[in-house]
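To begin, one chain is listed below as structure tokens, in the form predicted on its own.
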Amino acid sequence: MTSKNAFIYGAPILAGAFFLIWYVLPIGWVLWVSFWDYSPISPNNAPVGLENYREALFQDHVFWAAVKNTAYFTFGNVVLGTIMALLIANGLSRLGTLRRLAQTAYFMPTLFSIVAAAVVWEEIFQPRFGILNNGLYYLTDSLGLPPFPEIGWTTTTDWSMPTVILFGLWKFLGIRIIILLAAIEAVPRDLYEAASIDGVTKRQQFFHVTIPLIKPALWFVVIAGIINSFQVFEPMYVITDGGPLRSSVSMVMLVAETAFERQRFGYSAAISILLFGMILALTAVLFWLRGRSEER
């Protein structure tokens, strides 16, 4: 066999082996463990059938709190983030010489380590000594306004999730802007010129020219954002530690806590499989909706 033929047949075999070893086998192992009361340090591991799934779906209120928090974060991060990114990208496409500088400024947070950025945000949002509350208090005091109240950004159930969502918007907005800006810049300028000649306003051009022609990029941003948001872990763990009162615990955080703190690997595996099923179902629905929208 020549070296060329060896590469032709060897490359897909290596890729398939990599996918099998690092994706298929781990998923299969997690699925198998989910039917056991399993812990690596216990000598009494035993099969429990669907008991782990029944406990998660019908008994564990923390599981449903994690589902709600993950959905809350996903809605805020994806819906608000996509709308903001679309509006900013559209504005940047009309910007002149400062566009590159603005692009860089929006994209910079994406380059930072998510854990390091979350540590900084946790310090900024400290209720008593954080920069944000102290800055707002100093501003109101300087303007002679009533003292700004101390807000428990990371210590109250009302503000813990909005704080994490704000972090997500800051951290992931830049990459969405870059993707959507590239799609907007790919729209032929002739279409805008023709629309202007016909008396179409800038607002009408945005809704009837820009958005229809960048739908593939929009769908990519939404689908990728939902998948990534359902797997969120670091912001909740670092900024709020899942609290207070489980008000900001995510599903991935619950998986890690159940496995490594409570040593219930079987139950943790069941939650992982349920999370995988949710992501798979949502992705399938979104691809179906995308196909329907393209048929119109």
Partner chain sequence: MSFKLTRRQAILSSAAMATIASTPSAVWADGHGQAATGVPYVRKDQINNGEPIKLEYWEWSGQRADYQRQWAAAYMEMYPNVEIEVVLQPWASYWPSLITNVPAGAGPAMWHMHASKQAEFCGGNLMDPIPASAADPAYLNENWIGYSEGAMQCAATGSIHTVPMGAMMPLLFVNLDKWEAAGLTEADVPNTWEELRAVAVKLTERDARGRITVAGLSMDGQEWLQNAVYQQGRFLFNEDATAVQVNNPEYRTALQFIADLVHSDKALDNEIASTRHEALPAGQAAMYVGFSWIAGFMRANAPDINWSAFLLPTPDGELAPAYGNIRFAIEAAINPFADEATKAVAWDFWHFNYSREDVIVEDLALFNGFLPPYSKVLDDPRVTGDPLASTMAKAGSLGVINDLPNVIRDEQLELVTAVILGQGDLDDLLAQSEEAQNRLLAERADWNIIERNYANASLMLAGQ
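Since the structure is predicted, the reported quantities are computational estimates derived from the model, not experimental observations. Between two forms, the rigid core is defined as the largest C-alpha subset superposing within 1.5 Å. Positions refer to the first chain, counted from 1.
The form predicted together with the partner chain exists for this protein as well; it is not shown, and the discussion that follows is about that form.
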### Message
Please identify the residue among 75, 192, 137, 206 with any heavy atom within 4.5 Å of the partner chain in the predicted bound form.
### Response
137
### Query
Does residue 237 make contact with the partner chain in the predicted bound form, using a 4.5 Å heavy atom cut-off?
yes
### Task
Answer with yes or no whether residue 47 is in contact with the partner chain in the predicted bound form, where contact means some heavy atom within 4.5 Å.
no
### Query
Can residue 260 be called a contact residue for the partner chain in the predicted bound form at 4.5 Å between heavy atoms?
yes
### Close approach of residue 51 to the partner chain in the predicted bound form, 4.5 Å, heavy atom
no
### Task
Taking the partner chain as it sits in the predicted bound form, which residues of 112-145 have a non-hydrogen atom within 4.5 Å of it? Please list them.
126, 127, 128, 129, 134, 137
### Message
Aligning on the core only, does the CA of residue 216 end up 2 angstroms or more away between the shown form and the other one?
### Response
no
### Task
Could you tell me whether the Cα atom of residue 206 shifts by at least 2 Å between the shown form and the other one after core superposition?
no
### Query
Quick one: core overlaid, is residue 148 moving 2 Å or more at the Cα between the shown form and the other one?
yes
